[in-house]
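Below you will find one chain, with nothing else, as structure tokens; this is the form predicted on its own, and questions on how it binds or moves follow later.
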Amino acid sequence: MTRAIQITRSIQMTRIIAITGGKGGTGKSTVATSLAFELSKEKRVLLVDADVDCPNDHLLLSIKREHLKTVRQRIPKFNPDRCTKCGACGKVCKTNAIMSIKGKNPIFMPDQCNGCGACKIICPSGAIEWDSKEIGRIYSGKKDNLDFLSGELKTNQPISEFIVNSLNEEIEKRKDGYDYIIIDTAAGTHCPVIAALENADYAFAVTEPTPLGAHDLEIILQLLARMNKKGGIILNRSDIGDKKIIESMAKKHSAGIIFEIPFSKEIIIQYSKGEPVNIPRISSIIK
């Protein structure tokens, strides 16, 4: 049964809605882009692609991204004149970014550093200061009336939630100019997903009627419950597989199946062409 969730809003109040999912490949980005594009025909809408490890909403909507800003992360800078070559910094580095042997200058590999600062704290001679490195970029774009933000982690960098945090800063600066902000999170329940969900008023978990879909749906429902996020389930390809396993999971977690999307060849064709996917009545989930 498909039913709408009532998202009430008052005048001049922006609603932030996350489209998320425990499993990749369920159609999360397709739903997010379709919902955002449909809403933008009548409302002021910002779509945020927070799947920063593998952003692709701009491809789905054929949006040309423009570089907005560079995201940097702190890293240690070693002063060889002060270093006593004690080897303490290498011992506390949990990411193995510092190789240190007592009596030798430390060897630093910036790409592996997560900026935790343990090396600076432990250094007995004050030989470590702060520097920074580029870890990703924020992009902006536009599709007709739809405004767009996207974050992208630089290859071989370890901390993607810093990119999501930078997106959250942009959302905070811009949110008063929109009726709806749609956030497309990464799949899973790791730190970048949590960061993307932090400011969401509502979250919809997209899944599919398969055992894998049910398993990963339970994980994301547990996360949403822990974060006290309201929302529901969007069941994609609802007429393929065993819908009862999703209904059972929804009942177990007292979560409603808000919307069902039957398998559609037309959606696949639009998806493959980089056209906004038309999911009939998708905007009804928030009215």
Partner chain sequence: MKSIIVLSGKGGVGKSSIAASLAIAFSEDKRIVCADCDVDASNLSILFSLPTERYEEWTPLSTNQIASIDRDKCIRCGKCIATCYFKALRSEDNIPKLNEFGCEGCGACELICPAKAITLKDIDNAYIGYSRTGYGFKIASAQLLPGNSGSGKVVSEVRKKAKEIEPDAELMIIDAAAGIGCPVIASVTGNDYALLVTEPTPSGYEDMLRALDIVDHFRIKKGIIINKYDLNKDYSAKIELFAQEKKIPIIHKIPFDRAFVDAMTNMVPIIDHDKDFRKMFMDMKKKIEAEVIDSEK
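In this text, all values refer to a predicted model and were calculated from it rather than measured experimentally. Residue numbers count along the first chain shown, from 1.
What follows is about the form predicted together with its partner chain, which we do not show.
Enquirer: Even though the partner isn't displayed, in the predicted bound form is His215 close enough to its partner chain, meaning a heavy atom within 4.5 Å?
Expert: His215: contacts its partner chain in the predicted bound form.
Enquirer: Residue-level question: is His190 within 4.5 Å of its partner chain in the predicted bound form, judged on heavy atoms?
Expert: His190: contacts its partner chain in the predicted bound form.
Enquirer: Is Ile246 part of the interface with its partner chain in the predicted bound form - any heavy atom within 4.5 Å?
Expert: No.
Enquirer: Although the partner isn't part of this model, could you tell me whether Glu161 comes within 4.5 Å of its partner chain in the predicted bound form, counting any heavy atom of the residue?
Expert: Contact check for Glu161: yes, within 4.5 Å of its partner chain in the predicted bound form.
Enquirer: Check for me: heavy atom within 4.5 Å of its partner chain in the predicted bound form, for each of Cys54, Thr155 and Ile268, yes or no.
Expert: All of them do, each having a heavy atom within 4.5 Å of the partner.
Enquirer: Please name which of the stretches 172 to 180, 77 to 85, 112 to 120, 199 to 207 has residues with heavy atoms lying within 4.5 Å of its partner chain in the predicted bound form.
Expert: Within 4.5 Å of the partner lies stretch 112 to 120.
Enquirer: Note that its partner chain is not shown here; using its position in the predicted bound form, name the residues of 77 to 97 with a heavy atom within 4.5 Å of it, in sequence order.
Expert: The stretch touches the partner through Val92, Lys94.
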